[in-house]
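Let us start with two forms of the same protein chain, each given on its own as structure tokens and named structure 1 and structure 2.
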Structure 1
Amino acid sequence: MSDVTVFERLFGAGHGVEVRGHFVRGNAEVAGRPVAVIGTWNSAAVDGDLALAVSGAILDVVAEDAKSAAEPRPIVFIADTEGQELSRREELLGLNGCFAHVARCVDLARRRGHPILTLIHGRAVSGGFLAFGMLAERVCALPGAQVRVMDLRAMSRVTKIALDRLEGLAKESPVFAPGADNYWRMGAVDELWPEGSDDWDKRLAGALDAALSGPRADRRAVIGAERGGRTLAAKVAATVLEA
């Protein structure tokens, strides 16, 4: 599906969202409310330049709205990434620091009153997703979205655990398994938009209302326990906090 089709289904005609290479940026309206749109596109391998473009766009929105008497605009993240750029050059140039900068910018935007909503279109993989999209108040997976932290084959190489053992564990526990539905069970994804749905604008308006009215605290571990995806995380966190 082209970027034009996706954005028109989300924001209607007349939006100001553009894709330049792998970078998404622009302004739009959701149910009459102005929003800033920032993100990645076309399964982007996020390198330092793209990470700094995302963080710079976030800081621009924060600075622009600080000069205005209007309420801070919600920020809609578009996540479509295959993860961080895997190259020695990017590592030596400090890609991890660039990702940390993105996360700090997201935190700054939240502290300045910008509600944050993430829409996963295409792929959301590893650090390219964790550093910004997964930090939102609400995360929605569009039809066909794929979510994972690490491919099981790569996980096998890193952990030295046999691939067939990991595949068996993935069938028993969503913690090991890729897929948007497994991330929904763990509480990391709030909504799974069904295949064939043609009301993306209405779903987006509802998700934004939920992000605006919902708790600002991180409840993913609690939700994961309620959905049976992570049965111990909330208990362990509570025990640590009480110690």
Structure 2
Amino acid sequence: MSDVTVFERLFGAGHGVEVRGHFVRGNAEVAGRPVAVIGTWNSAAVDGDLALAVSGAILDVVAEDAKSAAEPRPIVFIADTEGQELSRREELLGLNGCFAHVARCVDLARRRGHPILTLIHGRAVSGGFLAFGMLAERVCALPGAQVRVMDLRAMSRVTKIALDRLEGLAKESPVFAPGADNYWRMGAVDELWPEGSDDWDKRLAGALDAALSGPRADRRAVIGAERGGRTLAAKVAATVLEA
């Protein structure tokens, strides 16, 4: 689906969201409320330049709203990434540090009152997803969205566990196999927008309301336990807290 189609379905005809290379930036309205849109596009391999484009855009939104004393705008992240860029130069220059910087910017925006929502369109893989999309108050997976660390064939090679065994176990457990639904069961995705749905603008407005009114604390482990996908995380953390 082209960027034009996706953004029109999400934000209506009058939006100002643009794609430049792998970087998404612009302003739009959701149910009459202005929002800032920031993200990555077309299965981006996130390198330092793209990460800093994202962090720079977040800082601009925070600075603009602070200056105009406007109500902090919600930030809508668009996540479409195949993961981090793999190269010696990126490692040398500390790509992990760029990702940490992005996370700090997301955290500042949150504490300055900007509600944060992520829409996964396409792919959300590993480091590229960790950097910013995963840190939102609310994460929605659009139809066809893929969420994963590694595909099962690669996992089979690395762990030396037979592929058919992994495929069998993946049916019972959401814990390692790719899939937005698995991340929903584990509490890291809040909404799965169904295949064939054409009311994305309404769904987005609903998701934004939920992000605006929901708790700012990280409840993913509790939700994961409620949904039966991640039964230990909340319990173990509570044990450490009470020990």
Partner chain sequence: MKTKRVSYFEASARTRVAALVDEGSFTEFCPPELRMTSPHLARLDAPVGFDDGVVVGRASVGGRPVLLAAQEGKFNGGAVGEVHGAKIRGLLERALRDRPAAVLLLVDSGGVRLHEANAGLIAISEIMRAVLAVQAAGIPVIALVGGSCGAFGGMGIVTRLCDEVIMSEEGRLGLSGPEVIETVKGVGEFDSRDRSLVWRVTGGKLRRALGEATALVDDDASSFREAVVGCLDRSSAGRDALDELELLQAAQQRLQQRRERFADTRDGLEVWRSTGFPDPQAVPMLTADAFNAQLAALHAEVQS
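Quick note, the numbers are simply positions in structure 1, starting from 1. In this text, all values refer to a predicted model and were calculated from it rather than measured experimentally. The term rigid core refers to the most C-alpha atoms you can superpose between the two forms while keeping them within 1.5 Å.
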Q) Given the two isolated forms of this chain, which one is the form predicted together with the partner chain? A) 2
**Q.** C-alpha of G113 moved at least 2 Å between structure 1 and structure 2 on rigid core
**A.** no
Q.
Rigid core aligned, does the Cα position of R165 differ by 2 Å or more between structure 1 and structure 2?
A. yes
